[in-house]
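In structure tokens, one chain follows: the form predicted alone.
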Amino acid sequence: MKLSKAQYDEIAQFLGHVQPTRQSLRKLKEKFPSQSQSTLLSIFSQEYQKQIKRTHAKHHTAEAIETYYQRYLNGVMKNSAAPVLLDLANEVDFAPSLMARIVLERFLQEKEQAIPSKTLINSMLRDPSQIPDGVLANQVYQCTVNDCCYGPLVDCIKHAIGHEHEVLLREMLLGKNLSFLAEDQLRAKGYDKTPDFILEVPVAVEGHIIHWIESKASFGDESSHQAYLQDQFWSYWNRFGPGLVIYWYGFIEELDCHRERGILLKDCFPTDIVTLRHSMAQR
């Protein structure tokens, strides 16, 4: 689903005044009933991540970390069954999974008298049963399962959705009898940065030649699209020629401004693909 910049700004402005909870997501759907739920969910997640990045530093000062840790200790001392960490995260407007990480790291630092490795922290966040304190393990678990946008559970869901759309795109290419090389095949050939699929024989889409296709299971907003252009799309263009990016959950339509330079945006698999074989048959 393509949105105008004005439509997108209206949604983003609404999200700026609500907390990132499942209740807020329901309000968002009620406020914008004509937009698809998957598009709204993707925008919801992206806007929240931008907000967290803007405020990330203030939650990681030595003073803030110590304050959160002491409030956690005092809270569980009063009632260890209460969602102390989750309530604290919501109170200070910070992602529950990231609050859990801060407190877990501080706990391990005190217990082991050393700074714990990121590998250990990540492992315990994925599986809280590894945490050597039952109360903290339960608190961390409550944070990860109630976080809409961050944490190991969300990461797994995003990875699965991304893979699902790549499989869908592969099936659509096969259905059109298009020969292609997938990303894993290209990496085996020694390429480092590669799109999801390179067409062995280029096709035309809406009058534009396409050599490669990239699948993005997200909404294409300005900041994410500019980052992808810089980190991925222009690299693909330099190496493989013009290509197509599919933002399955839509994009801001004004961003589709590089067609003449060789990067086409779509929100679905194109239906008007013209192959070399097809164009020759028409002559």
Partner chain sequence: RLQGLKQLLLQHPSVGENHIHDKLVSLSLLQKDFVPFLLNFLREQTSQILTNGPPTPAKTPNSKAHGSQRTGSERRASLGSFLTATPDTLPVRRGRRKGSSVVGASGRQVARDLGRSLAEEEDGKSDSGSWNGGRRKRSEVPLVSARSPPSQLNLNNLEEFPPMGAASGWTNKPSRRINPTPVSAERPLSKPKTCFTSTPVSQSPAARLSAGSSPEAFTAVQEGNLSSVISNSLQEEREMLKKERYGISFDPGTPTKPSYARSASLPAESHLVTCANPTKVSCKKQLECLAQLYSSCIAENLVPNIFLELFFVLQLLTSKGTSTAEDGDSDPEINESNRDISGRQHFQSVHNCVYFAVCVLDYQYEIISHLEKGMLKLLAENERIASFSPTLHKRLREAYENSTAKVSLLLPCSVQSVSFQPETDNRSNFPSDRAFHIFKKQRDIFYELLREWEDNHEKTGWDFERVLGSKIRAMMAHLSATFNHSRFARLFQKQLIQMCKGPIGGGASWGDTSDQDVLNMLGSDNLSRLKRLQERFVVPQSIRGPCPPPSFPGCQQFFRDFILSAGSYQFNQHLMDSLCLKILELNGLTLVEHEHSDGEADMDEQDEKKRFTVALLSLRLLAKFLGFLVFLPYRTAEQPTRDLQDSALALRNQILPVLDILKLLRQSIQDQRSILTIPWIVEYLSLVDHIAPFLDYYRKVFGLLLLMVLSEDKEMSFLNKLLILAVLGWLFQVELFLFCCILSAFPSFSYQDFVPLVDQQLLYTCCPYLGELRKLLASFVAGSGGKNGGFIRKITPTAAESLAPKASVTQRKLQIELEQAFFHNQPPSLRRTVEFVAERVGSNCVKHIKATLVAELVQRAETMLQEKVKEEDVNHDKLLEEVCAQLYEEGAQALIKGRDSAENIAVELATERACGWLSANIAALIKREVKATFNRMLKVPGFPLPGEDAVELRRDCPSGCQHCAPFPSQVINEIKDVLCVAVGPRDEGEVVDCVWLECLLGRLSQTLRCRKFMCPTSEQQLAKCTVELASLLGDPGIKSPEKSPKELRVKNNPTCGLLKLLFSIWKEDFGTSVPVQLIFSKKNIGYLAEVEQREWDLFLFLLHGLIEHGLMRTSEIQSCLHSLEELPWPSDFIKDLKMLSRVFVSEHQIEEPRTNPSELTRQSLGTVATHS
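If you're wondering where the values come from, they're calculated on a predicted model, not measured in any experiment. Positions refer to the first chain, counted from 1.
In what follows, reference is made to the form predicted together with the partner chain, a form of this protein that is not presented.
- Checked against the partner chain in the predicted bound form, the candidates 209, 92, 172, 121 yield a single residue with a heavy atom inside 4.5 Å, and that residue is 209.
- With the partner removed from view, the residue among 70, 61, 238, 34 that has a non-hydrogen atom within 4.5 Å of the partner chain in the predicted bound form turns out to be 238.
- Here the marked residues 39, 106 and 109 all miss the partner chain in the predicted bound form; none has a heavy atom within 4.5 angstroms.
- The shortest heavy atom separation between residue 180 and the partner chain in the predicted bound form exceeds 4.5 Å.
- For residue 12, no non-hydrogen atom is located within 4.5 Å of the partner chain in the predicted bound form, even though that partner is not displayed.
- Residue contact with the partner chain in the predicted bound form: residue 159 places a heavy atom within 4.5 Å of it.
- Shown alone here, residue 76 lies farther than 4.5 Å from the partner chain in the predicted bound form, counting heavy atoms only.
- In the predicted bound form, 184, 189, 190, 191, 192, 193, 200, 201, 202, 203, 204, 207, 209, 211 are the residues of 183-220 with at least one heavy atom within 4.5 Å of the partner chain, listed from first to last.
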